[in-house]
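Below sits a lone chain in structure tokens, taken as the form predicted on its own.
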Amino acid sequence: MKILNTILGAAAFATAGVIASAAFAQTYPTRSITMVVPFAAGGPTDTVARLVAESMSKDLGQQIIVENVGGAGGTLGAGRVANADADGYTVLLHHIGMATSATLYRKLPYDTLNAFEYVGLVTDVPMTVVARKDLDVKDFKGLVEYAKANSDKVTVANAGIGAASHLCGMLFMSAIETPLVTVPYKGTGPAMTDLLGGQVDIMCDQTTNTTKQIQGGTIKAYAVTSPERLAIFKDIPTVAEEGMPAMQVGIWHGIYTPKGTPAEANERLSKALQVALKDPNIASRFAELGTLPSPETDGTPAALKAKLESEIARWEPVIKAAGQYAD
């Protein structure tokens, strides 16, 4: 009888768990969700986050509020989410820095691969190699020659160690096998301001931040880092066309939740993301920024986890070879 009672008790507990899980799945979310962006407002990642948050909110029936928690190359915001309540109401939208920080920071306060659950990939933004508008160089080949001949004077702006512009800048210097004078800023905005003002020479940054400036003629564009030319910049060659395929890089963005977040919440968020990726408004706005929504098949937990693992493996040797760490 005692054994039977134990079995019946266990069965009742399991049934209660299933009922509770089903109830959670049916009601989640019941309030607003905070999406932490680990960079300053107005930057390229913030732009992507706000567009996606708006679309996902419609499907979820609850508002996603974007909160900017910048600093330390995105690790402050990521750390905040890693330590947040795992209840489905705090999410992180981070870019490629989620992978590179695993090597750039030798003492991270969280385990990059194991401190989060995965929701899905959002977009893969191309980069552009740009320069101040009065730089007397006609094409990418000339830019490389100029940089090599003036390596002690040519300045390369970036938005800080670990930022997308920093990573792309490292790839550029690695590809031309020439160290240049790097100038880190506290964000993309001030870096672009100084490029516009001619205080720095070169910058490598996402199309989400450079498109309007290129179209307006306030900076010069020499190459894009995508495998193919971009529809909005058909006259700008790819780095592969210029003989530097190793410079191909996209700044991919993904959504994460704290470790232990209920699977039902992650599944619901992933579903909302997949709906957003098919939103015509998202496609239109992303196109204006020189990028595309990720395919629906990439808006899944498995796809994001695989991407993060492969990118950590890709960037670790690059960062170690450069010997540039953030701590």
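By rigid core we mean the largest C-alpha set that fits within 1.5 Å across both forms. Residues carry their position along the shown sequence, with the first being 1. All of these numbers come straight from a predicted model, not from anything done at the bench.
The form predicted together with a small molecule exists for this protein as well; it is not shown, and the discussion that follows is about that form.
Only one of the listed residues (165, 101, 257, 128) places a non-hydrogen atom within 4.5 angstroms of the small molecule in the predicted complex, and that residue is 165.
A heavy atom within 4.5 Å of the small molecule in the predicted complex is found for one listed residue only; from 290, 301, 43, 29, this is 43. Although the partner is absent here, residue 210 lies well away from the small molecule in the predicted complex, with no heavy atom inside 4.5 Å.
Using a 4.5 angstroms threshold between heavy atoms, residue 188 counts as touching the small molecule in the predicted complex. Put simply, residue 159 is close to the small molecule in the predicted complex: some heavy atom of it is within 4.5 Å. Residues of just one listed stretch (137 to 145, 173 to 181, 239 to 247, 199 to 207) have heavy atoms within 4.5 Å of the small molecule in the predicted complex: 199 to 207. After superposing the rigid core, the Cα of residue 186 is displaced by 2 Å or more between the shown form and the other one. A displacement of 2 angstroms or greater separates the C-alpha positions of residue 160 between the shown form and the other one, with the rigid core held in common.
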